[in-house]
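Encoded as structure tokens, the following chain is the form predicted on its own, with no partner shown.
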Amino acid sequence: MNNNPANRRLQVFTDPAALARAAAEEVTRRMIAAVRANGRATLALSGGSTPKVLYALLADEPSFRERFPWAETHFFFGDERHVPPDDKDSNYRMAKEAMFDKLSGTLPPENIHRVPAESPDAYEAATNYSLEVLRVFGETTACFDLTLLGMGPEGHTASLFPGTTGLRETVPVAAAYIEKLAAYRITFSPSLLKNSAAILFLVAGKDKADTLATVLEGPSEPDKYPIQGITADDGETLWLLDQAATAKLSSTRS
């Protein structure tokens, strides 16, 4: 493949359900390892249908729920819509209903760090979330143990869309106006995403096949396909894919 960093691995599964189960195992394993190494773990969540299944598995299935180090894991959001936390489009609300609400007494509420997206000013919300991220890490930079990401049909990831100002931001969390959506989004910046110890991309569905082939096998054009510019600088980048998404790839070997 072209555009294939040495630290990137691909794994292909039969369908989205198998992909989500593998992701649940991967997330659980990495959080346990982080707690053993550092006494706590940090996980940046993604929105989307596949992550929703993943979150439900972690909270519902005993084989994951009983092993996951809930009390020691801090949850953040790699991006968020500029909406209140109870809005139907909120990534926080999705994670809350799929996972957090099922863990009362197990997951400390203070371990959940949501974006204050109800702020009327998206830029203020981004600034405040930057401060929260840095407060938790206690440093001028932050390195998440694991960051979950997806891929939009046009090649965006988190809320880094082609041609938007977020692609150039160096602050930890940025706000950008997305013309095609006529809305603001709040997102981790490329520098924060790339500073993760590990990045886990979850990509499923035949509607992603053309873009995935371009992203993984085509020339590097991160301004056009922002996801191409996101890889863990000093860590591991793992892509979990279903067969439908890989239909246009010439090879699935990493």
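One-based numbering along the sequence shown. Please read all numbers here as calculations on a predicted model, not as lab measurements.
There is another form of the same protein, the form predicted in complex with 6-phosphogluconic acid; it is not shown, and what comes next is about it.
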Legend entry - Triplet His74, Asn195 and Gly235 all within 4.5 Å of 6-phosphogluconic acid in the predicted complex via a heavy atom: no
Legend entry - Contact label in the predicted complex: Thr164 to 6-phosphogluconic acid, heavy atom within 4.5 Å: no
Legend entry - in the predicted complex, Pro226 touching 6-phosphogluconic acid (heavy atom, 4.5 Å): no
Inset, instruction - Would you check, heavy atoms only and a 4.5 Å threshold, whether Pro51 touches 6-phosphogluconic acid in the predicted complex? - result: yes
Legend entry - 4.5 Å heavy atom contact, Gly47 and 6-phosphogluconic acid in the predicted complex: yes
Inset, instruction - Go through 78-86, 103-111, 138-146, 170-178 and give me the stretch that gets within 4.5 Å of 6-phosphogluconic acid in the predicted complex, heavy atoms only. - result: 78-86
Legend entry - Heavy atom contacts to 6-phosphogluconic acid in the predicted complex at 4.5 Å, residues of 82-120 in sequence order: Asn91
